[in-house]
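Quick heads-up: it's one chain on its own, the form predicted on its own, in structure tokens.
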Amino acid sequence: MKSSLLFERLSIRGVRNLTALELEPASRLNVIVGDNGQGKTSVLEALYLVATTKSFRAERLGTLIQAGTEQASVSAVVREGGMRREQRTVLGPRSRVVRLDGKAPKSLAGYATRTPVVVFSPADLELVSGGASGRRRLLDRVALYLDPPGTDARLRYEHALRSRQRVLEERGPGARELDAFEEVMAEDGARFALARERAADGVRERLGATFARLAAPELTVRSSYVAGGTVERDLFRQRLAAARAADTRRGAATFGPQRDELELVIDGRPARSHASQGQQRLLTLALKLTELDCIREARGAHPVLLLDDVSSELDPERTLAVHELLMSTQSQVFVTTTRADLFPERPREGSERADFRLTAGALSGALRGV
């Protein structure tokens, strides 16, 4: 039995173009309507920030702070099962303060996994059309919940990877320190590779069925994991030693999980080069819903789902399929759109919905329905 996970209240101050907002979301579907540039995406960004301490659309958190203000803050009351907690993130120009029930958490990673959130935004189309790095990050988000020790190994591996490359560039392939760095890389790289493999298995097992619920029935999709490293420690170390000269010339390690790939195939052809814009959007959404399913199983709770402009470039039939899927999930969902008619009210027993309208960063209307 998976526990429910809900944002019950949200308070936003000083975030991008938003005025001071207070929201009481519905427990199932929350539709945020407004024209482009009114702040819809910023509301989702605030939710993501208070849950993870990060932004899904900016590397520098300082860019979230509204011009003319000294700080941005987001507070939320989250209910999980029968328990409530308060989470708060405050951003300054060079600072980030995080509190859980008024206290500093033991670690940011521990805080970020308390309230799992999965987000879809138009930029995520790079998951299908772009390079492998975005797909690797998706696997790492799944692995964070599925195999936490593997995530710890990733951090140690990446540190040793950078150190080894620096030694290669400064002292060459014969430097004595390389043995020590490669021992760490072999130990933690093999463990990290195992976590990636487990995450890829979880995605592969679920992606086809999820995509089938969204796409036309004649379309099929599959994923396959192509490892850039190995889960065998001794072989890992041997391959690193053999690649020293090549890695020196290329300025990057040519062996290891940093070269992993998650290949996506639609109707027997590479999705990256053959999928249409609409198919890319559906496949990206299917990947995100698959990520949600993997995290739900590992975490034992239903993650919150944030969907930014999900209906763009979809025909009415596919938009309806997306809506039906959203109504069937047990997750709390927040979806933004410029067209409220794309998500018609469809009351169902046991479901709850709220509609919000944003104008110039302000909440100009809110309707709740069951």
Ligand SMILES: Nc1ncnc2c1ncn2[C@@H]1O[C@H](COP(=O)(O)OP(=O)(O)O)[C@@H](O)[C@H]1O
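Predicted model, so just to flag it, every value in this text is computed and none were measured. So that there is no doubt, residue numbering starts at 1 and follows the sequence shown.
Although not depicted, the form predicted together with the named molecule is the subject of the following passage.
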Whether T53, R85 and V98 all lie within 4.5 angstroms of the named molecule in the predicted bound form by heavy atom:
no
Within 4.5 Å, heavy atoms only, which of A26, L307, L326, I65 is in contact with the named molecule in the predicted bound form?
I65
4.5 angstroms heavy atom contact with the named molecule in the predicted bound form for D35:
yes
Is N17 close enough to touch the named molecule in the predicted bound form, meaning at least one heavy atom pair within 4.5 Å?
yes
